[in-house]
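Just the one chain here, the form predicted on its own, laid out as C-alpha cells.
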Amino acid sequence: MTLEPQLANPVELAIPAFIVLVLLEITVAKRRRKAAYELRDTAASLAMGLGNLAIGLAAGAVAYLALNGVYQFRLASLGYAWWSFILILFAEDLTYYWFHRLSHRCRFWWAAHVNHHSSQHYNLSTALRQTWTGGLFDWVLWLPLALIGFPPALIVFQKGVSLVYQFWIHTETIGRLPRWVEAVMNTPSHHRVHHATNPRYLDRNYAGIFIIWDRLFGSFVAEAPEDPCRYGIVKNIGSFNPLRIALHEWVAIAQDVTAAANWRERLIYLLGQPGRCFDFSRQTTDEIRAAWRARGLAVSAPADHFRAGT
C-alpha cells in the first residue's frame, strides 16, 4: 500500500482565528448586553473540543489507512489538479449532508452527534463542542469518495475545510446575509434553524457548506422572525460534565436495549429514529412536528370556517 502525502490541516491553521473570533463575539455580546455566553457552558464546549482533538489523532489515523486501502481499488485517478479541489468541494459536501442527516435520523449515529446540540446557548464556542465517539466510525461514509478516485489526503483536507467553514455560522451576532448568499451557502441564519428545538425547525438544514442540498432534498426551512430559535435538545440533559455530554445517549441506548422485550425492539432502539419507544414516554421529531402542525390546524380551523361562511 502506498500512502498518499498529507496536505496542510485547515483546522490546526484556523485555531488562532477560532480563539480571536470567540473573544470578539464575547466583546460584541457584552456591548449589546446580550447573555450569549455562560462560563460553565463555554468551558464544557472547550473541553469537548480538546477531547475531540485528542481522540481524533488515533481515529484519524485509522480512517486515513482505511481511505488508502479503498483508494487502491479506485475507479479513476483524480489527483491534485485544480479541478479536483473544486470537485471534492461539492462531492465531500454532499457526503457530509447525508452523513449529517443520518446522524439525526438514526439513533446509533445520533448518540455520537447529540453532544454538539446539547448546549442551550448558540455561539462560536458551540462549534467547538465536537464528538468524542463519532470519529471511531463515521469515516466509513467517506470511503466511496476514495473509491471514486479522490486521493485520501485530499478528502481529509476538504473535511477540514468544511469544519473550518462551519465554525463561523454558529453565532447569533450575524443576522441575515444578502439573498444570493442565503440561497446558496449555509449561513448563521440557516444553521440557527438546525440547532433549534422549535417543532418547525427540528431536523432541518443539514448543510455543511452549501444549503443547496437541503433545498434539493426537501429538508430546508428558513428562519422565521415570529418563531425565535430555542436551542438545545428536545430533552436537555442539564449537565456541564464533558463525560456526561459525550456519553449520555450511549448510556440511554444501553438501558433501552437491556430493557427491551425482544430483538426487534432492541434493533429499533439502536437503529431507529431518536425518540422512538414502545411506552409512549418519548416522541420522535416527526411526531413532535406532526403534533405541532395539528395544533396549528386546530387553531386556524374556526377562522377558516368563518371566512368560508360556514
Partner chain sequence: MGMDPKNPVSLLVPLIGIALILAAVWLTGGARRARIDRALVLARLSEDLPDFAAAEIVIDADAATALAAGANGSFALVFAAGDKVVVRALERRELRRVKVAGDLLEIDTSAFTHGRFALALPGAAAAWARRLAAPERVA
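Here the structure is a predicted model, which means the values were calculated and not measured. Numbering follows the first chain given and starts at 1.
Unshown form predicted together with its partner chain; subsequent notes refer to it.
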property	result
Contacting member of 247, 254, 65, 271, with respect to its partner chain in the model of the complex [4.5 Å, heavy atom]	247
Touches its partner chain in the model of the complex: residue 117 (any heavy atom, 4.5 Å)	no
Its partner chain contact at residue 105 in the model of the complex, heavy atom, 4.5 Å	no
Its partner chain contact at residue 53 in the model of the complex, heavy atom, 4.5 Å	yes
Partner contact for residue 284 in the model of the complex: its partner chain, 4.5 angstroms, heavy atom	no
Region of this chain that lies against its partner chain in the model of the complex, out of 182 to 190, 228 to 236, 206 to 214, 142 to 150 [heavy atom, 4.5 Å]	228 to 236
Within 4.5 Å of its partner chain in the model of the complex: residues from 11 to 27 (heavy atom criterion)	11, 12, 15, 16, 19, 22, 23, 26
